[in-house]
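A single chain, nothing else alongside it, follows as structure tokens in the form predicted alone.
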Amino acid sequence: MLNYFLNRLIVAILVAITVSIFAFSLLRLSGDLASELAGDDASEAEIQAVAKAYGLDRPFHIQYLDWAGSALSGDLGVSVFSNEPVFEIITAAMPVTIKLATYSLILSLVIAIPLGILAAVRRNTWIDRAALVFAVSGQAIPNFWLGLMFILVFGVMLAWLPIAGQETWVHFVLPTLTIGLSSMPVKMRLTRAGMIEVMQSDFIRTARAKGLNRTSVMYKHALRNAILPVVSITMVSFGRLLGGTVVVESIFALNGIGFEALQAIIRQDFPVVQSIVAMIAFIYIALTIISDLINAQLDPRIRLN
């Protein structure tokens, strides 16, 4: 298990370095940052002054090494727009996004896993077809449209729930439904496919032949093996939710990391953008490692690969 972890950790570190270089160079490859920051009417002297102030006049590798070294110590630079430390901007916005992503992930699992099991057990019946239609519909409907419909129905017409803000858990109900229902279909289909495949395995037939009851066979033997792909996609899904909530956060006026990233892009606030991109990528990588370790614990055969 230790060797397996070390191999995954080495790969993760190499990927993290590559991602950090990409995040750092992304905005610089899009044009002359100094000219953009100085403005359209800036003189050459003003552009040079801006370049010197932000270190943009130095070689690329020197800029990257300075930024990476400072980032490792917690210094992500200063916002061009607000002159606030980028670290403080991110730490202020991150709890909102983590809360929204966690609620949405829990909701998607609570719906997807039981529905996937039920669809597999009742395969080729109307229950199975209804579950698949529900899953496909959830994946096909865009987040922004679903969110707007929830606002219209539950916020405006029925006035049951607030449509903006982040003060209480009630404010997260509609955005959680919007994201949770959209991320549910993949987990539901994976659960269904995994259960169908495992239920046809030899060890399941052996368990039944030994006289084990249906519940024990279903949950103790079948689900343990069928859930492996769901564990992987759940971790990856959480990382995707952390970085992909920008539209929903904007619709429901949630001041999370996605909303901050969007505002930073609009304002051309490159220190904030590159730090958010790198941070989300690092979280994504960490969650992937955790997913691999959980799967290796559930299925020892994975450690041999």
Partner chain sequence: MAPNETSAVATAENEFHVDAPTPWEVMKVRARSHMGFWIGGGFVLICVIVAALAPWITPFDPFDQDLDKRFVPPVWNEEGSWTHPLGTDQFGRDYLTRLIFGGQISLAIGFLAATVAAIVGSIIGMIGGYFGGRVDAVVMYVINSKLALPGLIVSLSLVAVFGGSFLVLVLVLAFAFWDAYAVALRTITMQIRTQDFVAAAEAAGASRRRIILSEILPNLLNQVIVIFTLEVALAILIEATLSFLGLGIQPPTPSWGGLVSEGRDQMFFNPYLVTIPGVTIFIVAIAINMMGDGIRDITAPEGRN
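Positions refer to the first chain, counted from 1. Please read these numbers as outputs of a predicted model, since none were measured by experiment.
There is also a form predicted in complex with the partner chain; it is not shown, and the following applies to it.
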item	value
Region of this chain that lies against the partner chain in the predicted complex, out of 150-158, 169-177, 114-122, 227-235 [heavy atom, 4.5 Å]	150-158
Partner proximity in the predicted complex: residue 126 to the partner chain, non-hydrogen atom cutoff 4.5 Å	no
Interface membership of residue 137, the partner chain in the predicted complex, 4.5 Å heavy atom rule	yes
Touches the partner chain in the predicted complex: residue 189 (any heavy atom, 4.5 Å)	yes
The partner chain contact at residue 268 in the predicted complex, heavy atom, 4.5 Å	yes
